[in-house]
Structure formats: C-alpha cells, structure tokens
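The chain that follows stands alone, in the form predicted on its own, written as structure tokens.
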C-alpha cells in the first residue's frame, strides 16, 4: 500500500526544483497535494507540477501563494481544508536568495529574504498548527511539518548573509515547534540539503561553484532533487513515528567531512 494513502499535503515552492520533486514523490505515494507557489510554470520547463501529478493518476491543485503574506497563507490552508477536509503534512520549501555579503546587502534585500525564508516559514508553520490542532489524531499524530533548511543553516554560505541567517533560523524554529507542540501530537522536522543540482539559474550553477561542491562532497556525485524528496517522504510517513525536532542532513557527507 502507498505510504501516504488518504493524506493531504501542502508543498510550498513546488513549481520547480526540490519542491517539485517532493510534491511528485508525495503524490506518487497516495497524497493529495496542494502546490503553493508564486508562479505555476516550472523553471526547468515542461508541464506544471500539478499537471504531471494528474497525468500520473494522482490528485493535485495549484494555488498561487506568496508565503511572505500572512493573509495568503491563511487563505492557502483554508482552501486546502475546504477542498480536501484536513491537512496532514506541510512541506515548507519556498525560498529566495540574494548572493550578497553583509556590506553588499541592502535593507530591502534583507527584508525580502527574511520575509520569505523566515517569516514565510513562520506563517506556514503557525497556520498549519492552528489547523492541525483541530483534527483528530491518525496513528497518534495530528499533523507533520517539514521545513527545508540547508547545510548553510549550520555553516556559513560564503557571500550570502541573508540566506544563511534565514536557514539557521529555520533550524531553530523547527526545534522550538517540535518541543512546544509535542503535546498537540504535531511532528516537526527539517531537512538540510547539501549541493543539489536543479534547473535554478545563476550563481547556483556557476562552474567554479560546482567544482568546489564536487571536491567538498565525499559521496562521488552531487545531489538530485529526488534525494531530498526521499527524505521528505520518510518524514511525512508513519515510518517516522518517533522522530521530531531533527535537522536531517541530505548532503552526501558534506557536513561529516
């Protein structure tokens, strides 16, 4: 039997990249998936995530959402529950970066990155917990939160102050929610990807940066979005029945080296 039969999941930033892979994986395991993103077309090109899921026989809808806005997140969760009846899993993945150090970062850039990557996650976690607390437990769990952090929440991301600070905040937010809402039977974990190759343009795929990542990663290849999706599936499922408050590294051994 699929691992997520009859489950309902929201995945933010799921039009492209890691979020897209997670949404496809959860849907393939039986979940009804809400794709929450500011745009629907994938950066990689091709069909939208929701269309791919539907074509494979799954259930998915796309809801345009800017997680930096509380009202948008409130509407997202309300629409999800109105359509599917409950919310079992939320994967907070949407994120932006500026590739600027302290002196290069303008107040506007700082506010935008923190607004999406940290405040946006706060919005999504809070609204999810508000909903999950109203639900009857299933196998002793009312709901699961999965926050996509980063190895750069533990070590500095060279030349990208706002991004690193936001990811460090996500790691601590995850711990705090896990402890504060254990009595509510709400599970909260994070996943920290290492270098994952996606269709994202710009500095992330700079040849020198990729070469550094290959030399720095012990495993003899860099990561793929499906690697992160596998970890998300584990944390979204009943297999992770006594796992909460962790920051699961999916980095090919980067942080162990």
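Residue numbers count along the first chain shown, from 1. Since this is a predicted model, take the numbers as computed values, not measurements.
We do not show the form predicted in complex with a small molecule, though everything after this point is about it.
Residues placing heavy atoms within 4.5 Å of the small molecule in the predicted bound form fall in a single listed stretch, namely 112 to 120, out of 136 to 144, 112 to 120, 172 to 180, 80 to 88. A heavy atom within 4.5 Å of the small molecule in the predicted bound form is found for exactly one of 217, 32, 48, 198: 198. By the criterion of a heavy atom within 4.5 Å, residue 151 is counted among the residues contacting the small molecule in the predicted bound form. Interface membership of residue 67, defined by any non-hydrogen atom within 4.5 Å of the small molecule in the predicted bound form, is confirmed.
Looking at residue 95, you'd find a heavy atom of it within 4.5 angstroms of the small molecule in the predicted bound form. Residue 39 belongs to the set of residues with a heavy atom inside 4.5 Å of the small molecule in the predicted bound form.
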